[in-house]
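The form predicted on its own is given below as one chain in structure tokens.
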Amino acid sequence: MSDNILKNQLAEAAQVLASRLEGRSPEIAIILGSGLGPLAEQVEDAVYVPFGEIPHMKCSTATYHVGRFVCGMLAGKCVLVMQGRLHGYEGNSAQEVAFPVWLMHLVGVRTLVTTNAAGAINETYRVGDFCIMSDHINFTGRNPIVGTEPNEIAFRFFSMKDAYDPELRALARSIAEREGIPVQEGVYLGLLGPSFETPAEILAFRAWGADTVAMSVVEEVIAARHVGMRVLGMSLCSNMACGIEGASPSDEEVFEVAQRRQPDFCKLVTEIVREM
């Protein structure tokens, strides 16, 4: 056996997850962010695998994150849904955040749809808008590919141009227009958290060209692109970022907006999956 600890842990985890999927072969993964977990309830013929039952994988401790895999049929496609995610602010390393993405790739997933709740920096955006990610700024100060072990999973130097697949972005825009769901498209900035940003930080991020901000996604996307997965990223603008129009974000506000926008979110993601 290889002395690469990460590679061995992923192989063991993949063996367990594959056995729990009961012969299902998912090609699309969906990561559901804060307040967006109810989409998993629409997966048919589902099997449920709590994160804690997968060896070497951390459990989710974030509010409103159930912390389990859900595998089954959505819009005629076999999907593997993460009902909740892992965050750096929970004390997880960058590689621990990336672990489930690499794991899903090992069980057959080739396309990742990652979603989250985010603050809107762009003042033309409104609370409740959906924003397709066109690019990102990684301001976590971390990268899951650091070290020698990820280099044995896939080559450590890879392009992040078009990290968010242009064809998938165009598909999402087209479906949103067809369904009458307004969407924005812009640059997402991910940071470590867990405190919300200061008004001065938001002004700096706006000067950098960021349109939205939150505490997840970027490490997942780096891991996905590391192994060649296609990625679509989409945020629900659950609040205006701190200081924008006098905003002072709260966890309760995030959840309330997510609940209100659930029907359109579920419709949009389901139709995207259908046409992938």
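These numbers come from a predicted model, not from an experiment. So that there is no doubt, residue numbering starts at 1 and follows the sequence shown.
The same protein also has a form predicted together with a small molecule, omitted here; what follows describes it.
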The small molecule isn't shown here, but in the predicted bound form, which of 54 to 62, 41 to 49, 25 to 33, 214 to 222 has heavy atoms within 4.5 Å of it?
-> 214 to 222
Though only this chain appears here, would G119 touch the small molecule in the predicted bound form if you measure heavy atom gaps against 4.5 Å?
-> yes
Might P249 be said to contact the small molecule in the predicted bound form, defining contact as any heavy atom within 4.5 Å?
-> yes
Considering only heavy atoms, tell me if E197 and the small molecule come within 4.5 Å of each other in the predicted bound form.
-> yes
